[in-house]
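Encoded as structure tokens, the following chain is the form predicted alone, with no partner shown.
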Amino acid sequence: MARIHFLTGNEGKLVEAVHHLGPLGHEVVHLSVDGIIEPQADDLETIARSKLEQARAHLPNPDDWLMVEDAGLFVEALDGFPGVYSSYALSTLGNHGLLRLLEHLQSEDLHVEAGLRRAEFKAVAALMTPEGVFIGEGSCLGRIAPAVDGEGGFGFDPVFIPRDLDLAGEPADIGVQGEVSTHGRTFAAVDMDLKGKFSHRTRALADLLTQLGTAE
């Protein structure tokens, strides 16, 4: 198995990567590189590939693997904002600021309100190996909560409620009780194992590992 250098400044992302890749035998270690420039792009993959290229010279061993992960929260009522600018939006608006942008989306019918507040987490996990670059993608459908909920997680986790999942792990329709549910709680209010069943990052990593298995 491989030694994977994970380029990230987010401790939460590192913990999640170790949680999912460690049991598979991969050693995940933190890589910090100063001066990485965030490219202005409209999609997560372009940003991830740029970061890989910038960081590759900083690997202690050229045969080691390098991974970056980029994610964003795409809110339908805001035309996809904050999207690729989620990190900046989090540092400037924060969770409470995002909720204020959506204060007008209210209804006495909870199912209608859930539809009005539709959102999606998207993630791209990019891995550079001696054999090439592999890109894994994952998403999680859900909605923005009416208020901050929970003290765990990171980023916009305290305001994101994932849609229930059916037996196949696919998102259920709005208002339909699924087999796997947070029962209306946000990502920040549930443990990591339950979050992992929904997580866009988990799905991106799973997609990545599937590609690696096929390549091998």
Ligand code: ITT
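Everything numeric in this text was worked out from a predicted model, so none of it was measured. Numbers for residues come from their place in the sequence shown, where the first is 1.
Form predicted together with inosine 5'-triphosphate (ITT): not shown, discussed below.
Legend entry - All of E120, S181 and F198 with a heavy atom within 4.5 Å of inosine 5'-triphosphate (ITT) in the model of the complex: No, none of the three is in contact.
Inset, instruction - May I ask you to state whether L90 is within 4.5 Å of inosine 5'-triphosphate (ITT) in the model of the complex, using heavy atom distances? - result: Judged by the heavy-atom cut-off of 4.5 Å, L90 is in contact with inosine 5'-triphosphate (ITT) in the model of the complex.
Legend entry - Heavy atom of R163 within 4.5 Å of inosine 5'-triphosphate (ITT) in the model of the complex: So R163 does not count as contacting inosine 5'-triphosphate (ITT).
Inset, instruction - Report yes if any heavy atom of D157 sits within 4.5 Å of a heavy atom of inosine 5'-triphosphate (ITT) in the model of the complex; otherwise report no. - result: Yes, D157 sits close enough to inosine 5'-triphosphate (ITT) in the model of the complex that at least one of its heavy atoms falls within 4.5 Å.
Legend entry - inosine 5'-triphosphate (ITT) contact in the model of the complex: Q211, any heavy atom under 4.5 Å: Q211: no, not in contact with inosine 5'-triphosphate (ITT) in the model of the complex.
Inset, instruction - Could you list the residues in 62-86 that come within 4.5 Å of inosine 5'-triphosphate (ITT) in the model of the complex, counting only heavy atoms and keeping sequence order? - result: Contacts from 62-86: E69, D70, A71, S86.
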